[in-house]
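Only one chain comes next, encoded as structure tokens, the form predicted alone.
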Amino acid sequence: MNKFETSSYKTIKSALVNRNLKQALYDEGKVIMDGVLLTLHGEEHRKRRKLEHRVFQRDFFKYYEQELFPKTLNETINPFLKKGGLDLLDFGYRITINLTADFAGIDRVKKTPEETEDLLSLVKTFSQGATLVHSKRPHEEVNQEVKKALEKFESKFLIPSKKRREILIEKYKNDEIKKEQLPRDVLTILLLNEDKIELSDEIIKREIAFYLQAGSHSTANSMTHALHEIYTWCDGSHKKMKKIKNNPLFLQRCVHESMRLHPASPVAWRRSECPVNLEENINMEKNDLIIMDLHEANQDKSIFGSDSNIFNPNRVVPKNQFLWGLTFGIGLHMCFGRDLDGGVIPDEKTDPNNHQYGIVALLVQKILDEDGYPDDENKPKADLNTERSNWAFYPIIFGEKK
């Protein structure tokens, strides 16, 4: 087996849309990632994606963002506003755990802080298992923790959620309720299984666990990175901060620029199903591995300019390129949550009052509107348990800075 490495934007784009290259980044995290949508390939992937896409329509994201999310956001942040501060990572997980649980299909029956804390703890363990390839902890130790977390998740959250949906699905099949009355989430779609694809209980368990960790982990980190870049760029300038706070479309650009610099996964791995020839004389035989550096590719000077390695929300990119670069992927494995996290790219006809900004931009806007700024006496800390450039702790305080 040969191993190739590349940071070429052009080569990576070509590889990501090549159907003869299979996802390989999560092979070490099989305890939670085996058989989930992200790791499937070929016809299996096409069928699962087609089935689950019924949930991820743009109208659902827009409805969630504009109708449901504001209430959840205010409920979650209010206790921290009274307290006078929060840790961005902790807050990001708390707000997104409700979001991801809703569209994944996990009920929170008790609606208590303790119940949320319990689910949050499990999901953070799932995240460690999914990103095992970059973990600096003993891998077997992490795998054992993930197995225990999956067992607890199944008994405490998944089984009750499945039972409620199975009763509703039975009522729908007996014409007692209309299809529109079924929950609109991934678990319901998988249980209904209208396409009759092969789905075991184990596959469903891992798929729902994967959605929970992917949604909350990436959103919490994206929000924290975006705020850090904004604070650094403003560097105490009230003029710059005012422009960001008072112009939501520009704030969204700030978020997209940060997403370019901090892709949720800094690399993408693919394994060849047959001989594949890519640019730059990369000639792969069957079972060869290619490691693609998305972090470096997103700083390609020919696309993003001579200052591509720094945060510049005024950046202009070619019309056929996204400001966030390859962060959400492209092709069949493009991230389902792209519009949910990043929103819709505006154009000259966009009405700022009726635009889908994305959850990350809404979170950043809320923090800034409440005059949140870094706590100078309590510095943020990097996450030393992973090779990924994530924060472990990022404290902020509220109230206008003196």
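As the structure is a prediction and not an experimental result, all values here were calculated from the model. Numbering starts at 1 and follows the sequence shown.
Below, we refer to the form predicted together with ligand HEM, which is not included among the displayed structures.
Asks: Picking from 96-104, 122-130, 78-86, 197-205, which part of the chain touches ligand HEM in the predicted complex when contact means heavy atoms within 4.5 Å?
Replies: One stretch meets the cut-off, namely 96-104.
Asks: At 4.5 Å between heavy atoms, is Gln23 in contact with ligand HEM in the predicted complex?
Replies: Yes - in the predicted complex, heavy atoms of Gln23 and ligand HEM come within 4.5 Å of each other.
Asks: With the partner left out here, check for me: in the predicted complex, does some heavy atom of Gln252 sit within 4.5 Å of ligand HEM?
Replies: It does not: once ligand HEM is placed as it appears in the predicted complex, Gln252 has no heavy atom within 4.5 Å of it.
Asks: How about Met259 - does it come within 4.5 Å of ligand HEM in the predicted complex, if we only consider non-hydrogen atoms?
Replies: The answer is yes: Met259 has a heavy atom within 4.5 Å of ligand HEM.
Asks: Given that ligand HEM is not shown alongside this chain, does Leu158 nevertheless sit within 4.5 Å of it in the predicted complex, heavy atom to heavy atom?
Replies: Output for Leu158 is no: heavy atoms all beyond 4.5 Å of ligand HEM.
Asks: Does each of Leu51, Leu150 and Lys162 have at least one heavy atom within 4.5 Å of ligand HEM in the predicted complex?
Replies: No: none of Leu51, Leu150 and Lys162 comes within 4.5 Å of ligand HEM in the predicted complex.
Asks: Identify which of Phe311, Phe91, Phe304, Phe328 has a heavy atom within 4.5 Å of ligand HEM in the predicted complex; exactly one of them does.
Replies: Looking at the other structure, the residue within range turns out to be Phe328.
Asks: Can you list, in sequence order, the residues from 25-56 that come within 4.5 Å of ligand HEM in the predicted complex, counting heavy atoms only?
Replies: Leu37, Leu38, His45, Arg49, Phe56 sit within 4.5 Å of the partner.
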